[in-house]
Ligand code: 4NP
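Heads up, the chain below is alone and in the form predicted alone; it's given as structure tokens.
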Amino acid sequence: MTKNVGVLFVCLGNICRSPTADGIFRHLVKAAQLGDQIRTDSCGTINTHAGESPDSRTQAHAKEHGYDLSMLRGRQFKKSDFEEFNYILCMDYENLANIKALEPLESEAILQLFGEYCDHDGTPLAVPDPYYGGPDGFANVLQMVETGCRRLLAKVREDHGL
């Protein structure tokens, strides 16, 4: 059994999509009583919102569904994340390409599009950035991320015998 499995969610600014996934995944991990074995974090590919709380609209939608994101703070992806996390999940293809460009050859982290765990017809989905959209965008992202987080947790549990 692997201890301290690391799961990292990545989006552009780390104020909407990745903290939503981080908060939901933390909630699921805690509910499964796996908090001592799985740790989670989120970050952005840009440094614009480092140290900031998630977007207020993101927090409001999450809170409506029982997820508390208030303790999360934005940070930028760092190369050492490849060593610290087993899974690095990017919210869209652009962020995946940006992280892939930094990936050391010796990295053992599983780097993939988070949308591979969301509802779809077999085609990986990019999680849309709701920042410039209306409330429906935040609701859609939350629903998509909930599905993805449940499936991801099942995969992590299977991969690590948890």
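Don't overthink the numbering: it's just position in the shown sequence, from 1. Note that the structure is predicted; figures quoted are calculated from it, not measured.
What comes next is about the form predicted together with this ligand, which is not displayed.
Using a 4.5 angstroms limit between non-hydrogen atoms, R39 is distant from this ligand in the predicted bound form. A residue is said to contact a partner when one of its heavy atoms sits within 4.5 Å of a partner heavy atom; I15 meets this definition for this ligand in the predicted bound form. Not displayed here, this ligand is kept clear of H27 by more than 4.5 Å at the level of heavy atoms in the predicted bound form. A residue is said to contact a partner when one of its heavy atoms sits within 4.5 Å of a partner heavy atom; C149 fails this definition for this ligand in the predicted bound form, lying far away. Only one of 31 to 39, 60 to 68, 106 to 114, 127 to 135 places residue heavy atoms within 4.5 angstroms of this ligand in the predicted bound form, namely 127 to 135.
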